[in-house]
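For reference, the chain that follows is the form predicted on its own, supplied as structure tokens.
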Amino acid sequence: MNSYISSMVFVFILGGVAFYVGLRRRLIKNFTIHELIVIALFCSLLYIAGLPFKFGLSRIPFIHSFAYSIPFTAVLFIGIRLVPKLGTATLIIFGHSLLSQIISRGINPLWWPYALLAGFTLEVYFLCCRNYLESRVNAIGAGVLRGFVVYIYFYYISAPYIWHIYYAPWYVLIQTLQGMTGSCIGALIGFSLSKPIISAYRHGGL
């Protein structure tokens, strides 16, 4: 329990740092109604991207972290590229988490730090790089970081505290490496696919 509470403190500090730095650099801007609709759409698309795993693909041993990370990261990064503003990553990830809870097992605030950490980590990374997913290298770095943070936190903090399930270190290592690799591939796919989508979005009247 102590590790979970400590992690919550860390998550809120991380979010506070992102907000403070964004405020100092005047990067915090209001979202338009259109941008909020796009963000809501990508919350839904992230849920759709995970449906194959809810329907049985997750039962495939050992490779589910790799397979799940590819479509999730690709869809997430397309959404971020469409609305490249501080806060977009957090809104999409946290919105997807709430949507998944509402549809499946109901609202459980114990999972919120997991989603917030995933969003805040990307926000801080983009702030440190001064690059909000504008280059392929930045996308690769964000993908690898996302995979590392979310799987380490899930296996060492969320699952033991919420589910009372404990994983062997070798298993956590394998899943985390798979998550980092899958997220890296998903980042490359998302970055490539986002180019024609952004072109259509900005110049096609969408």
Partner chain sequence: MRYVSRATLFHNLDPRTKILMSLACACLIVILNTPMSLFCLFAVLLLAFFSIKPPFSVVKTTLYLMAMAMVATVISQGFFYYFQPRTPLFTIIPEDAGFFGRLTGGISVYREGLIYGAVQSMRFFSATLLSMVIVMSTYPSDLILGLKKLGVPEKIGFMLTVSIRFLPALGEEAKRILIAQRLRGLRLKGLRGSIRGFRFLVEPLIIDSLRKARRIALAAEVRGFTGRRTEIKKLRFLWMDWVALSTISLAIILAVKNRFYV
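This structure is a prediction, so every number in the text was calculated from the model and none was measured. Positions refer to the first chain, counted from 1.
Note that the form predicted together with the partner chain isn't included here; everything after this is about it.
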Exercise: residue 128 in contact with the partner chain in the predicted bound form, heavy atom 4.5 Å
no
According to a 4.5 angstroms non-hydrogen atom cut-off, is residue 137 in contact with the partner chain in the predicted bound form?
no
Answer yes if any heavy atom of residue 161 is within 4.5 Å of a heavy atom of the partner chain in the predicted bound form; otherwise answer no.
yes
Indicate whether the partner chain has at least one heavy atom within 4.5 Å of a heavy atom of residue 124 in the predicted bound form.
no
May I ask you to list the residues of 66-101 that have any heavy atom within 4.5 angstroms of the partner chain in the predicted bound form, in sequence order?
71, 78, 82, 91, 94, 95, 98, 99, 101
